[in-house]
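Next up, structure tokens for two forms of one chain, structure 1 and then structure 2.
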Structure 1
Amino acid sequence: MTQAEIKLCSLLLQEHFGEIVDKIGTHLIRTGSQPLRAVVHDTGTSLDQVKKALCVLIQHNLVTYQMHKRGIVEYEAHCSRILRILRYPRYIYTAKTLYSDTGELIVEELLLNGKMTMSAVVKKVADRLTETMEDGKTMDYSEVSSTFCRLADTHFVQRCPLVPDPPESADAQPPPPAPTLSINEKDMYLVPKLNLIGKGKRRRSSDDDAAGEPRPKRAKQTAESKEPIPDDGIYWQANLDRFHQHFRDQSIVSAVANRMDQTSSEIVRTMLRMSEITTSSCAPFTQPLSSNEIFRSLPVGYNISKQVLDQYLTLLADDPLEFVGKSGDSGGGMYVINLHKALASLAMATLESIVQERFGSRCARIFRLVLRKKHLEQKQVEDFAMIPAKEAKDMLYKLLSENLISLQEIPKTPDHAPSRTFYLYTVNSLSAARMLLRRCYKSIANLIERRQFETKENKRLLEKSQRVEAILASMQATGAEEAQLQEIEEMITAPERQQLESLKRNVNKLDASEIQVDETIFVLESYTESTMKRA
């Protein structure tokens, strides 16, 4: 665990959950698994606050617990899961792209709350959609429920593990200090049969109803008269690994489109779509697919003949990048997508791009050359790259000092005499990817700190702007005249308006930069994970 990762985790926890949760979460990241009493003692926080913070972290799957041999429950924070908070906007946008506004709000609610029952999600989303509709229009629970089922069918949402029912003979035994959660794999995407009838409701602005009954009393009465929840105890969460699989597939399709053409990318997209449920997210290859199956699964209206498809598949299989491989001849030819090779190619392209941006095109040429040839002596680098000896030497040492390439010594004699030793330059792609990952984490931490600083510096102006907007909204709702609205708008002066525009522009740039850096992190992370699983 690097300092850059710990710092970024701390910033994310503080921004999303507050100081106490940040304190407990960061402490667990630094120390590893610890029992409750040790956390209370080491952090100097009250027992009640530590319990609440751990509840929040467990609810969002950022901390897990397990029984120690001595019967003590230990809590452990997972840095990789905390770092996924960075990707929340991307998950939500993906759900919107695939399943429109309803899918977006379902995933957003699950990410905001960690775990929720299906009935609670459906009602909350229906209410939120109803509020955005015109007067007189409402959103049916059945529509939201059908979108939820589609998300479950494509594995974008999944059930949370449950506490298994105790055996009947164990009535007299005391319950364990911590329950063991489990779930059958076949039940993870099984949607409960709910008969949700109703429509979304709009929030009322008045605190009292027509009869003058206060809201808290009404809320209490409705809570008492509630029927039991039909899916009580069946909780759902967003399946982030499935979203990552979708991001990976989109990156592969985009890379094929850039390298070849749109038709090739559409064929690869079809193959990935056919394999998305049958292939595990960590598998190095997709399941073999026959040419006939691919032809039948191409999108409706995509007018290419079987003969043209076979030509494209042959071209893809013969491509040096080896994104697509041929695994047999039955069914017109069996084809697979080599996911590990695809991720490696994307990661290497990212490394080359970073070298070019930081050190120029000549350094990138040397880096690319060493990457392709595996091992080269300094004289060979000069000759192959066609760069003068002095310049080539400077560039090689620059890349060496940045840990982007490494030097391997191969002695001809046991005494390691320099005159009788080969010095070969090579690229250790895994260590280079890890080094760049650490830099990316540091960059995002700097971007978050800068955004927080910009917001803090203009806090007074932002509060004033929010107050003015609230007054304008309430006056528009009561039907105020144009002159009155103009007078309220003039409370913010021209220089202040200019300052607000500048702040908005800067914050948008910082947000966009965060998302772009996270895209690089995703490619490098996927490559390192895939390489480690193959090792």
Structure 2
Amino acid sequence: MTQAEIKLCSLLLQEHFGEIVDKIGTHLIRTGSQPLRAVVHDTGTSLDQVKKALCVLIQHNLVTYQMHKRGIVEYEAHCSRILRILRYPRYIYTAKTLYSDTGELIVEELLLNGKMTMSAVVKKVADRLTETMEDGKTMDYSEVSSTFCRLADTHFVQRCPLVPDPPESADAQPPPPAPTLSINEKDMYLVPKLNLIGKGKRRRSSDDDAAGEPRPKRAKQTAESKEPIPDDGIYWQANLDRFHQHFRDQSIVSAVANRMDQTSSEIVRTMLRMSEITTSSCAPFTQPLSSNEIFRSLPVGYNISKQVLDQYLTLLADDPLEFVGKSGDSGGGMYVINLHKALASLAMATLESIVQERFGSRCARIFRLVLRKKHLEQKQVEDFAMIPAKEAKDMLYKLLSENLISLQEIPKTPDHAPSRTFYLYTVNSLSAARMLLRRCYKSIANLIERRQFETKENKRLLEKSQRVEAILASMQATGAEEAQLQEIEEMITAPERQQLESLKRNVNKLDASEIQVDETIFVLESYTESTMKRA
């Protein structure tokens, strides 16, 4: 784990779970697998707090435990999983586009709580939806359940590994210090047969009443939770890999649409949809699909003839981008999508665009040239790029100092004399991608720190505005006159209002930047993972 990653994980944990969890989580990332005693001793926090923090982290799938010999349980934090927290808004938004509000809320609840049982999710989502509906209408549990089933069928949510059943024999050995969780591949998306009948409940808006009100409500809630839950022990979590697969498909389709036209992108989308279930997420290319199958599976609105489809497929296969490849001639032509090549092209396009924005279009031209031609000498670079020698030299050294381009020495003589050695410029894609990835992590860490700084600077003002809003709300609830409300509003002066406005603008800008840097991180990470799996 690089320093940049560790710093970013620490900031994310602190923002979402608090300081104590941050301390424990960061310590685990730094030191790897550790038993409980060691964590308590090294971090200096009390045993209770460490236990609670670990429970929270395990609940959210950020830390896993493993039992070693002699009964010692060791805990390990997963840095990459913690970094996924940045992508949560994208997951929730995707669920919204695919399964509308119900799906969105299901995924949001699962991400908020780490893991939940199906009945708990359905109940909570129905309650939330009911609140947003008009008076008198409620959300039925069955609708939410059916959306949940659809999410499970398309593998967007999956079951968590299960606790093994306790052994039957009476003289069993004492239970092990830690359960070994396991799950069968086929059971992962099996929805339990529940008979959830009910409607969402609207929460009564009596928050403004005196503190006596919440007490009886709390007592009622504890009584409710004592009912036996039908699917006890079966927990569900969001399947992040499936979402990543979806993002990858989306970016390939839009790349094809940009390069060619709408119809070809639809064809590619159909092909990807057909291979969703059959291809694992880390395969270099999809299963071969025959042209007849593709024709049959095209969406209903597209009535293009078979011949036109064949022409499109041939065009796609001949394209230098090599997204689609032809693997045989049976069944009218067997076509595959080269996932690894597609990811590589996307990552390289990102790199090129970064070079262009940072160093100018001439540098970008040189970079693209070296990328395509693999190895070039100094003189050749000048000639091919058609840039004067002095400038070309300058730009090459700038790129070299940024580690985007590297030198490859090819000696002519065994004594490696510099005057008799070829020096070739080359781009090592994997290491350049890794370097930029590390830079992305650092930028997000900087953005988060800046946002926290801005918020801290204006803390007093923010609290004041919160207070005023609370007073306004309570006064409106009890029915106050317009003049009184006006007076309260004027408690915040005009320059203060301006300050608040600019603070809000800055915070929004910083947040939006984080989300967009995360998109770049996704492209680069997919590329590096795909390359590592092939090697």
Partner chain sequence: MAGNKGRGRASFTFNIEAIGFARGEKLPDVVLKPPPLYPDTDYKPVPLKAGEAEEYMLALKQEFRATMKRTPYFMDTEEEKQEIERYSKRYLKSYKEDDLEWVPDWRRLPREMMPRKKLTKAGPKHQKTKGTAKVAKVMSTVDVLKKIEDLEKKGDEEKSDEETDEKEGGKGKRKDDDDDEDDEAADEQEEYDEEEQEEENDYINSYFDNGDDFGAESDDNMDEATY
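Rigid core: the largest C-alpha set superposing within 1.5 Å between the two forms. All values derive from a computational prediction rather than experimental measurement. All residue numbers here refer to structure 1's sequence, counted from 1.
Engineer: Deciding between structure 1 and structure 2, tell me which is the form predicted alone.
Structural biologist: The chain shown as structure 1 is the form predicted alone.
Engineer: Comparing between structure 1 and structure 2 on the rigid core: C-alpha of Cys149 shifted by 2 Å or more?
Structural biologist: Result for Cys149: no, shift under 2 Å.
Engineer: Superpose the two forms on their rigid core, then report whether the C-alpha of Asn458 is displaced by 2 angstroms or more between structure 1 and structure 2.
Structural biologist: Shift of 2 Å or more: yes.
Engineer: Taking the rigid core as reference, does Gly71 move its C-alpha 2 Å or further between structure 1 and structure 2?
Structural biologist: Yes, because once the rigid core is superposed, the C-alpha of Gly71 moves 2 Å or more between structure 1 and structure 2.
Engineer: Align on the rigid core first, then pass along the CA displacement of Ala483 between structure 1 and structure 2 in angstrom.
Structural biologist: For Ala483, the alpha-carbon shift amounts to 5.4 Å.
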